[in-house]
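As structure tokens, one chain now follows by itself in the form predicted on its own.
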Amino acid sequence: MRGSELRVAYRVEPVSTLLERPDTLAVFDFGAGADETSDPRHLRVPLPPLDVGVPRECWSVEGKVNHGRADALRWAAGDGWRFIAVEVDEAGCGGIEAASERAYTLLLAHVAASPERHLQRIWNYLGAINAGEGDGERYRLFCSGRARGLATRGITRYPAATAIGHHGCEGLLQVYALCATEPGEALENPRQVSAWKYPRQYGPTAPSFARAMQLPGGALAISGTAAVIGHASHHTEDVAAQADEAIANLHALLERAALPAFDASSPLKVYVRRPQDAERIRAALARHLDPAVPSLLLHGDICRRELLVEIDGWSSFARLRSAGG
């Protein structure tokens, strides 16, 4: 993959314009909308935006992209990169645990048969993520199903990941992933216990993800990051302090990856549990980040009930290239 480049950016062009480009790997819309297409590269994420005039997230590569569908799965591939998405109806599987195992079984079988066989980054969106008590909480059940799906393929080197609760179609589990022909390097945050080492108090199956993945070429794909130090949540009910702590964790990951600060080529997604907190979260972003950093605020529930905000995103290839890397 020497010389290959994945580009991630927020774009305002119509979806039809973006899909006309031969180098478009995937286009993501957020919340409800009327501009649906049959193109497998176009995916609508069931998280409503908290801003007006929200752009689309666009992934593009340097070469021509091929794409298609296989039953419940859609894919696109080009220049050493692959986008894969699968949507599973929980009712047809018997619940969220079986649905997550099914989604991962489908996705990983496709990955194993692809040239782009190295899993880099996964996003998981499920309804009512905090419903249920104790080990019956839906997020914990999701983690158990995901772990079984990964174990079926013998995967113990975990990708970066996000898991967020949506308020869209009941029973919809949406999973999508980025893969590559070459492996990335999983990175952990020195301020946090690795998620896959969490103690039993967080459920029978620890979450199966790395804090970030340094992609082939050096860019960073950052997992969902919240106000967690060690393994414990901090600043309960103080959304501003939680946002500050989450951003401190983002900066720790950049330092771990030996990358400079976020800039205009580093788009971030900010998941907000309570829409009324959006302004305080925007103020925290303004305190700690360059104003050129693109940020997209979305209404979604965090995997722990006490957490009010989570952030994921990218440190882009573009800066590395311009610096002569």
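Computed from a predicted model, the values in this text were never measured in an experiment. Residues carry their position along the shown sequence, with the first being 1.
If you look for the form predicted in complex with a small molecule, you will not find it shown, but the lines that follow are about it.
*Asks:* Would you say all of F30, I84 and Y125 touch the small molecule in the model of the complex, counting a heavy atom within 4.5 Å as a touch?
*Replies:* Checked in the model of the complex: no contact with the small molecule for any of the three.
*Asks:* Would you mind picking out the stretch of 221-229, 95-103, 109-117, 165-173 that comes within 4.5 angstroms of the small molecule in the model of the complex, counting non-hydrogen atoms?
*Replies:* Among the listed stretches, the partner-contacting one is 221-229.
*Asks:* Do W75 and the small molecule come within 4.5 Å of each other in the model of the complex, heavy atoms counted?
*Replies:* Judged by the heavy-atom cut-off of 4.5 Å, W75 is well away from the small molecule in the model of the complex.
*Asks:* Residue-level contact is defined here as any heavy atom of the residue lying within 4.5 Å of the small molecule in the model of the complex; does L308 satisfy this criterion?
*Replies:* Result no; L308 lies far from the small molecule in the model of the complex.
*Asks:* Residue-level contact is defined here as any heavy atom of the residue lying within 4.5 Å of the small molecule in the model of the complex; does L215 satisfy this criterion?
*Replies:* No, no contact at 4.5 Å.
*Asks:* Answer with yes or no whether G149 is in contact with the small molecule in the model of the complex, where contact means some heavy atom within 4.5 Å.
*Replies:* Outside the cut-off, so no.
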